[in-house]
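Shown below, as structure tokens, is a lone chain in the form predicted on its own; questions about how it binds or moves come after it.
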Amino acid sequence: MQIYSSLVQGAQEGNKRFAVLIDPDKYSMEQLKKLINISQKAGVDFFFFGGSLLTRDQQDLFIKLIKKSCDIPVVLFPGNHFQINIKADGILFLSLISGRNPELLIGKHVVAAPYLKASKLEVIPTGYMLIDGGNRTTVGYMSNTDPIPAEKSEIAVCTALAGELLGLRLLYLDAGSGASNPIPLNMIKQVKKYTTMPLVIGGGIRTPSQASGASKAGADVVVVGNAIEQDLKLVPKLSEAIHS
């Protein structure tokens, strides 16, 4: 089954999904091997792969290792068009709809489109929304955009609706890597209530309780990266909290 079809089916049936976010700058080869092994045993559904700023040339090697070692789909979560890799299974074609930076709304997409069209990657048009997580994150700085205030659920709802009416197929609300706070549960509930797209939630989630809360509030996919980088043993605990 294709990635997007499985997301839609999961959202319709209430089957929650867990994605581990891998920033290749944050792992060694040995640490990645351990993560793959733990993730496979824990029932992780996806590896989201990418980062706001990659400084080490490990992307190709890491994706090869993942594909060789397990059957967990690798979905690119690119910080820019240089992070496209045809060895992955799919790509979140991110349009930063919460910001007003035209390069991240459409500009970079024009550059990447011919390459993606010629590839075998499953391209998933994704409305990407930055939510204030209590401190300025790398993605906020690199994108030169202001996040939606955490207490302004109505802005998040209207932005999500605009993305849906524009024909985007997936919605990703992100507090950003290293956020102090996860996205408020009320915002997740409100966005889920007024939209029909599968909903991905990430940023600031550090505990199984937070992951479970996001899932129960309406997240169809819960994404965790930073906390796992610091403690790989969290993976099975997070997986159980999200899937239960």
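Note that the structure is a prediction, hence the values are computed from the model and not measured. Numbering starts at 1 and follows the sequence shown.
Although not depicted, the form predicted together with a small molecule is the subject of the following passage.
Of the listed positions (Gln58, Ser177, Gln210, Thr195), a single one reaches within 4.5 angstroms of the small molecule by any non-hydrogen atom in the predicted complex, namely Ser177. Note that among 65-73, 195-203, 211-219, 34-42, the stretch whose heavy atoms approach the small molecule to within 4.5 Å in the predicted complex is 195-203. Although the partner is absent from this view, Phe93 stays clear of the small molecule in the predicted complex, with no non-hydrogen atom inside 4.5 angstroms. In the predicted complex, the small molecule stays beyond 4.5 Å of every heavy atom belonging to Leu234. At the 4.5 Å threshold, heavy atoms of Val223 reach the small molecule in the predicted complex.
The small molecule is not shown here, but in the predicted complex it comes within 4.5 Å of a heavy atom of Leu21.
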